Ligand SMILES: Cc1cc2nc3c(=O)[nH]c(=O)nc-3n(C[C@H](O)[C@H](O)[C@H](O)COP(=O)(O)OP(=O)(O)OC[C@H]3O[C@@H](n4cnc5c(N)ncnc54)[C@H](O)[C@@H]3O)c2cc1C
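Here we start with a single chain on its own, the form predicted on its own, put down as structure tokens.
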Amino acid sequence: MKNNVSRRNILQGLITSTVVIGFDTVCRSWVNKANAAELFVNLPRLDGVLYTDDATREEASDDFGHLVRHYPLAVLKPGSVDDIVKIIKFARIYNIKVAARGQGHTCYGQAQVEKGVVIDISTLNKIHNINTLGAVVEAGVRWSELLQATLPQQLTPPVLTDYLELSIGGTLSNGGIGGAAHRYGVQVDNVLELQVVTGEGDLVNCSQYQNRDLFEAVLAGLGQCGIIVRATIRLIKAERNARVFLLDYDDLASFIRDQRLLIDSERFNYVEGQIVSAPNGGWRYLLEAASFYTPPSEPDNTSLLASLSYTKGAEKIEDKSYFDFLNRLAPTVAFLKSINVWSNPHPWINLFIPATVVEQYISEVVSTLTLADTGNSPVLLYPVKTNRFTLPLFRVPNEQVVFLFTILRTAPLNDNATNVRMLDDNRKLFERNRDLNGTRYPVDAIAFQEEDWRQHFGRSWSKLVNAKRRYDPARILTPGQGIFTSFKNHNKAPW
């Protein structure tokens, strides 16, 4: 074990307190922060480092949302998969909660854990193999890194999120949606195999053909049954260029109709859309689509735009490299970081709206929505086809087409009243969509209780409960999601 977990450093890094953190099943006594130092001294030797200093713990207590904070006792930066096996087995003995953290890009403490251990998965960042069948990568690899490694071989993951600096393990725990989802599903639908450390500390390989119940419980499983440590990602042929079309709409109905036409015909490789502020107030709509190609072949603009009802003469058409198109948010993110806006609170909301009610729902929302409600941030709206989704825990409405609706809210610094107002608005928008049989993409900032989770998972709730019982019976994994935390003891557990 590295010197950061020496007895002296642990004693300095932990604040003496009488707060109970877990139950020592060996000594049959409750462990508090005062004697937690002795607890961690008993941890087996690690290849990486277990940090207990205030600065590292402080960083792990926050996320991109900057809305909630849960302070861990320690942060593990693993040097190997075996470190994760050891820390989970150790945590089970002492009844310590554990959460894996990739890039910390969730908005409401999903990867945080109070008085437990955060596993910083970013140190597991090796790309082991790339071939025409797939890429074998560790969970801490970012999608930008994988893409840069596959493109020299003219290969690409089928679906990429708009922001590429997310960890592969993180998005696979949630779903991973992007503009190519109408063709290929979400990122979890393009996983061939996983290596997972379960809540019992077992290292297990799983796929559709091996340990399938674990495979389906981990992909989009919100970290409840295991920690992804390695994945084999399906790859497809990569084109060299992207022709990007930005089409303006004043009319919501036409915008929705054309988006549905495009995903039905699959004439574009990528389809997304935004709700943007109009120059004279109110809102208009922007359809963003891209056709991928390799010269000398080129897209036929006339065919691609046939039958669409956008505002003629206002369209913008631009050619970019494939990588530059997919990484187009990088300059914006760099700018936001340079002016410190990236560090503002982000009470995001992400909903899946049934196509049959999307026009009604969005009309109601934009009738009162203001730029102050969004914090001058993007609002996304685009359709996907649900028959492309294959994993039971990735929850979408029971319709053939659903729309992802996202308000990427930014709140001012040190303005708790605005945070509360935005979070309250998120809950109201969620409930309205829920009453229309819509669902949520749970990387955002909406307070959920047990009944919300039961409703969210629907007929898959029992599958998750059974998987939790089998793979994490002590319920130590990912408490920040709040799915099973209402069960205070085994007698109240759903099993």
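Since the structure is predicted, the reported quantities are computational estimates derived from the model, not experimental observations. Position 1 is the first residue in the sequence shown; the rest follow in order.
Note that the form predicted together with the ligand isn't included here; everything after this is about it.
Candidate site formed by Q110, I177 and G226: every one of these residues places a non-hydrogen atom within 4.5 angstroms of the ligand in the model of the complex. Here the chain stands by itself, but in the model of the complex one stretch of 231-239, 260-268, 157-165, 411-419, 157-165, has heavy atoms within 4.5 Å of the ligand. The single contact residue among G185, P383, G104, P299, judged by any heavy atom lying within 4.5 Å of the ligand in the model of the complex, is G104.
The contact residue chosen from G170, P72, G199, P347 relative to the ligand in the model of the complex is G170, the criterion being a non-hydrogen atom within 4.5 angstroms. Looking at A139, you'd find a heavy atom of it within 4.5 angstroms of the ligand in the model of the complex. Although the partner is absent here, V443 sits close enough that one of its heavy atoms falls within 4.5 Å of the ligand in the model of the complex. Residue contact check for F64: one or more of its heavy atoms lie within 4.5 Å of the ligand in the model of the complex. The ligand in the model of the complex is approached by W342, whose closest heavy atom lies within 4.5 angstroms of it.
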